[in-house]
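We begin with a single chain expressed as structure tokens, specifically the form predicted on its own.
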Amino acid sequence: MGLITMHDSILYWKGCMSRLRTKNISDSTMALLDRMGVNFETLDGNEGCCGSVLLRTGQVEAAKRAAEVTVERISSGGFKEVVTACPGCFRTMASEYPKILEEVPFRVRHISQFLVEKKDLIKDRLGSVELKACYHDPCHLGRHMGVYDEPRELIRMVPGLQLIEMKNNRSRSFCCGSGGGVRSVYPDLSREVAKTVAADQIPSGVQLLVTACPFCNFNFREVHVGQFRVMDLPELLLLAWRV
């Protein structure tokens, strides 16, 4: 990242999962934004938690306190736009903060929405990737926030990549088994769900499973048995990027 002015840059919000456990996503997202020439900053270790898990587990007052701290950290930096690759953070900030706080003084978008808006910086830089790919709709991003088309548009931008839909997709997509605290409380069940989804929902011949959520990415990467590769959207675009 080059020298930038805080007020004319976006904030890339990594989220707890990408910051701590799926660094492949945060590293790839930052590398992609760099190659696109996007001015951005991060809060790094000062980021904290958006409060998503607190909300999902019914701890509303604790979630509100986390939200207040998060909004203060972001707004004190002068940021007017937040981009995140975590659907849980995206849903929490964009949809639920306005319900529990008086004001949210910045715009929040998922990375897929941001990249589609900036696709002119991407589309002519992508080389051919001759693979059969399948996309998994994350629960928070799809059913809860209605973001279905943007990830697919990005995947179709990659020359040579053939997108094959899961048997159940979009609003009927199956959960990866990691969300809602299931992975933390029932890890064995969470892994079994991911195995079942991979076995029953991904058509034969698929070589690449594309995710748009760090929880889905983590769960599918841990349980798949080598029949396909798992990559998040920024990782895919970096794979296709021509130097």
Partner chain sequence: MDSDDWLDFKRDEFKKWMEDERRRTGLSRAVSAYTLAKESALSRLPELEETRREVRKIKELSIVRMEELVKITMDSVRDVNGEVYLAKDAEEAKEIISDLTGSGKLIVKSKSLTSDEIGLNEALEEMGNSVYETDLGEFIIQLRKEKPTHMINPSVHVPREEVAKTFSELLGREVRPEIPELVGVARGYLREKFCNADVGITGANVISAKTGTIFIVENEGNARFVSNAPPKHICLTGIEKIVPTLSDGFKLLQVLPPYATGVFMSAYVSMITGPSKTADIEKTIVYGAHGPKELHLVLLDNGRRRMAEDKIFREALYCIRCGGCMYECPVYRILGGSFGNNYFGGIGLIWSAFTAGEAQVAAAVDACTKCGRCKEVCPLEIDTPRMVERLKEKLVKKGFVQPKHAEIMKSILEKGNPFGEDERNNYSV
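Note that the coordinates shown come from a computational prediction; the quantities given were computed from them, not determined experimentally. Numbering follows the first chain given and starts at 1.
A second form of this protein, the form predicted in complex with the partner chain, is not displayed here; the remarks below concern that form.
Counting heavy atoms only and using a 4.5 Å cut-off, do E81, R109 and Q227 all touch the partner chain in the model of the complex?
Heavy-atom distance to the partner chain in the model of the complex: none of the three under 4.5 Å.
In the model of the complex, does R35 have a heavy atom within 4.5 Å of the partner chain?
Contact with the partner chain, no.
Hey, in the model of the complex, is F174 touching the partner chain, heavy atoms inside 4.5 Å?
Contact check for F174: yes, within 4.5 Å of the partner chain in the model of the complex.
May I ask you to state whether A31 is within 4.5 Å of the partner chain in the model of the complex, using heavy atom distances?
No, no contact at 4.5 Å.
Going by a heavy atom distance of 4.5 Å, is E192 a contact of the partner chain in the model of the complex?
Yes, E192 lies within 4.5 Å of the partner chain in the model of the complex.
Counting only non-hydrogen atoms, which stretch in 155-163, 81-89, 115-123, 139-147 is within 4.5 Å of the partner chain in the model of the complex?
Selected stretch: 139-147.
Of 108-136, which residues get within 4.5 Å of the partner chain in the model of the complex if you count heavy atoms?
None of them.
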